[in-house]
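Below sits a lone chain in structure tokens, taken as the form predicted alone.
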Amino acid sequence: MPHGYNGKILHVNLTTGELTIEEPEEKFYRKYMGGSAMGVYYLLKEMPAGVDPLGPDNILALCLSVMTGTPISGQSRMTAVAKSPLTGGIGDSQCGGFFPAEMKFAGFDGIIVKGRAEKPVYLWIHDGRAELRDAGHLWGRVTGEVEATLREELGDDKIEVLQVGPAGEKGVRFAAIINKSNRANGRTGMGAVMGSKNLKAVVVRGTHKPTVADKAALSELARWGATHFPESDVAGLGKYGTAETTGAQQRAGGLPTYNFTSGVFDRWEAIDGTTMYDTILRGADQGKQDRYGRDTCYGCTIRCKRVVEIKEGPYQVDPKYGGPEYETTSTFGNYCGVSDLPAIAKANEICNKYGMDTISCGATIAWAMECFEEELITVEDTGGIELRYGNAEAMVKMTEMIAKREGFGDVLAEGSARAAAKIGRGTDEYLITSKNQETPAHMPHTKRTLAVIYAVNPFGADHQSHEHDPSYRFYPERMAQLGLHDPQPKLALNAEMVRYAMITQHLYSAMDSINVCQFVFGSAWQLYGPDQLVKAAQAVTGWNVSLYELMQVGERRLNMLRAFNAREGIGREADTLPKKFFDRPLKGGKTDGYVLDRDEWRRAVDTYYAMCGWDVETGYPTRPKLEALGIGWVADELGLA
């Protein structure tokens, strides 16, 4: 019996109803580790190029890793991979919660979903057995209702449910896959893919926990984490959530406001994590926030997840749908000029009920607000809604309209890039997208390596794909573990900073295949450093892995993602940034007047391609690089000489 994993992959053909089990060799797990690398392996091997992202030929891979379900913080993660209906390229998104660990306990390391069911179904997996069941009675219902119904139907309160909401059923292009009614595979539209397959839910229950090669070593790491957490840099994250960073972003002039028109928001304190903790976090009225208002993922000591409860006023919020993270308070808040925290919490609730990515949803509304302010979108377009900055009521209403694809919400449900193409009138000048995906709430104006990673990242702008600039200067000991010894001045975008971005990108890429939380493991401020990630992987699997080997897993995964895009004809021409970042200086605060230098950025991208060993003209991976990573078969898929 292998340590850390089950050695079983479930293949589901929804068109035929056939369920088969694959048992890969150990070397397969060691090469790809799980998660994202495992998922894209199946897409490249078993799916032809050019398929419709919302058609039956798209493959949805739900993958765990060799560490999922083991007794240490940060391991209960699952990656969803498919062709993205938002970007047209590779789609990739991670979730936390309890579902990933329970899926491992249920007997499988991955689920590969093909085809489309004739009628809505759900997949029920329990202790190594799997079956498809009718889901007609669940279709059209919101996530909390579905979860409650399935618990009653299956007679087990300990099941974990991964599902699409009505937004995924209706093909909202940034629909999310939701578990626990408040955890999301949020980005790149994986919920729309799942919904297009008439797969309403995956339900798991299991009792077989994975074995661990060295229990004593893993227990020692777990104890170290619990002991050091209170004094670590993530302690505030546990208490105040990710929105604790709002103030720091504001002070740096890097809090994206009014659709990236400014880096400061004069009402930021109203939506800060400390304000949330003191006001709307569940139990705040009794001073019991730490008991009732903070949730966690399986086996994790940090407890960073928010639980909001609002019983009175115009925006009442059910705690079962969690609470907003920093990205959510920003996209629905400062992006839109909204400082009404209950309204932001309500928008978050709608996204979790209907199954939508809060980043793309809030950012798409913010883009529409700027276009409305510029009189490029009118009340005739919006159905009478005054879609202006600061209009909390309009923001909440439009969130619900997008989820239901009603009125102007039907246009915005396509994402801002497609909406701009449909509307025209110069609305594309105000987009903040890369590869059609809306930019998260971290500004390349203040953290310059984001300008490279947002552009070159295979699945569009993403803030969790490398370590941000300040970490190089502030965490020298952990950076040294990665061979990074030469921190550069603030705002530098030279060859060393590009190298820093690439190396930390490889680590983050590895973590998305080993499927560990990037708030727990990382190269800077996180609880555990790179050396401890290696020790954890060794303790779980019994493999004598090195940091070099894990980094190579990350590089391998990144090359496979880029290869998928190359097969779709997506290369350097798609590695762009919003025109707004180059042409429209920021207004106000410390970053007043800031823009990106287009020539400097192009040189940095050239340098990045060269360092990666890719073709600088096309941005495609090369055969020598793929063969060096042990995936020459990918070069064959691309037809490379």
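Computed from a predicted model, the values in this text were never measured in an experiment. Sequential numbering from 1, following the sequence displayed.
The discussion below concerns the form predicted together with another copy of the chain, not included here.
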Practice prompt. Look up in the predicted complex whether Lys209 has a non-hydrogen atom within 4.5 angstroms of another copy of the chain, and give yes or no.
Written response: no
Item to complete: Please check if Arg602 has a heavy atom lying within 4.5 Å of any heavy atom of another copy of the chain in the predicted complex.
Response: no
Worksheet item: Does Thr378 reach another copy of the chain in the predicted complex, with heavy atoms at most 4.5 Å apart?
Response: no
Practice prompt. With heavy atoms only and a cut-off of 4.5 Å, decide whether Ala495 touches another copy of the chain in the predicted complex.
Written response: yes
Worksheet entry | Candidate from Tyr292, Trp139, Phe229, Trp543 lying within 4.5 Å of another copy of the chain in the predicted complex - any heavy atom | Trp543
Practice prompt. Note which of Gln316, Gln552, Thr149, Thr279 lies within 4.5 Å of another copy of the chain in the predicted complex, where distance is taken over heavy atoms; exactly one does.
Written response: Gln552
Worksheet entry | Stretch from 453 to 461, 496 to 504, 183 to 191, 323 to 331 whose residues place a heavy atom within 4.5 Å of another copy of the chain in the predicted complex | 496 to 504
Item to complete: Would you confirm whether the three residues Ala480, Leu547 and Ala610 all fall within 4.5 Å of another copy of the chain in the predicted complex, going by non-hydrogen atoms?
Response: yes
Practice prompt. Sequence order please: the residues of 513 to 538 with a heavy atom within 4.5 Å of another copy of the chain in the predicted complex.
Written response: Asp531
